[in-house]
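Next up is one chain by itself, shown in structure tokens, the form predicted on its own.
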């Protein structure tokens, strides 16, 4: 896709958000909404500028992004080897697949109460929640990726003298990589939601904490601004980082040709 196509695609993606920004002040004034119920766009803008000036926004963003990064990296480091092991061992797969399906339903927010009991309130508990949100999805997607590699390909590599490490590095991981990247992208979506929920309960810094404290002082403009920041950050991470990596991976190792 050329630059013109990318610009048009970006404009099409942002158009609904632009319409929402235009309708926001019109509807607030038309229905005379109480600012404590929902703020005007100018109040939200002032709250955003205030948080930028005093540096609190960057502190909250930094804390949230650090937790997501650490929890996600730890989950990938554990989930990918486990998924590969399940993919090459029918016995291990048969034993662990039901557990993965069971715990994948509980991953993320459901772990917050027990995470605070195990790790206390702070970085450890929230990182554990993010780990759970990403781990099960990545492990299962890795299993699917390895399982879809034809046995003819594996046998051909083995007949050419590929040992275990060569088979892993040149056949199994490349073949499973599109599924792994898709799993990471999906898992991060759940992790981001789990992060915000955990920060409301288990810490004193972060974007979730920022909007939770604002509620106590009826500062709806800070709440809405925090929601905008959370959504914008996820869109930037997903559209500028995860989606291109997923596309490039599928083009390199999958069945899709580059445009």
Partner chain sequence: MNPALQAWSLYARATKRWPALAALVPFIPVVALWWIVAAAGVFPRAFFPSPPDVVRSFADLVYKGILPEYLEDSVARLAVGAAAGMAIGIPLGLLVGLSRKAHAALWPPLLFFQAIGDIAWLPILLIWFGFGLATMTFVIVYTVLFPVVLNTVLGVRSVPVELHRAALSLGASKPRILWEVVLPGALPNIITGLRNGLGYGWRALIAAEMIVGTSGVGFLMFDARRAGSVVEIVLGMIVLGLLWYIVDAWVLAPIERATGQRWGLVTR
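None of these values were measured; they are calculated from a predicted model. Whichever C-alpha set is largest while still superposing within 1.5 Å between the two forms counts as the rigid core. Residue numbers count along the first chain shown, from 1.
Only in words, not in the display: the form predicted in complex with its partner chain, which the text now covers.
None of 47, 63, 28, 230 but one reaches within 4.5 angstroms of its partner chain in the predicted bound form through a heavy atom, and that residue is 230. Of the listed positions (43, 205, 57, 200), a single one reaches within 4.5 angstroms of its partner chain by any non-hydrogen atom in the predicted bound form, namely 200.
Using a 4.5 angstroms heavy atom cutoff to its partner chain in the predicted bound form, none of 130, 154 and 249 count as contacting. Heavy atoms within 4.5 Å of its partner chain in the predicted bound form map, among the stretches 173 to 181, 78 to 86, 160 to 168, 107 to 115, onto 107 to 115 alone. Its partner chain in the predicted bound form comes within 4.5 Å of a heavy atom belonging to residue 220.
Interface residue remark: residue 32 is not counted as part of the site for its partner chain in the predicted bound form, having no heavy atom within 4.5 Å. Residue 235 belongs to the set of residues with a heavy atom inside 4.5 Å of its partner chain in the predicted bound form. Mapping the unseen interface onto this chain, residue 240 falls outside it, with no heavy atom inside 4.5 Å of its partner chain in the predicted bound form. Residues 186, 189, 190, 193, 196, 197, 200, 201, 211, 212 are the ones in 176 to 214 with at least one heavy atom within 4.5 Å of its partner chain in the predicted bound form, listed in sequence order. Core-superposed comparison between the shown form and the other one: the C-alpha position of residue 235 differs by less than 2 Å.
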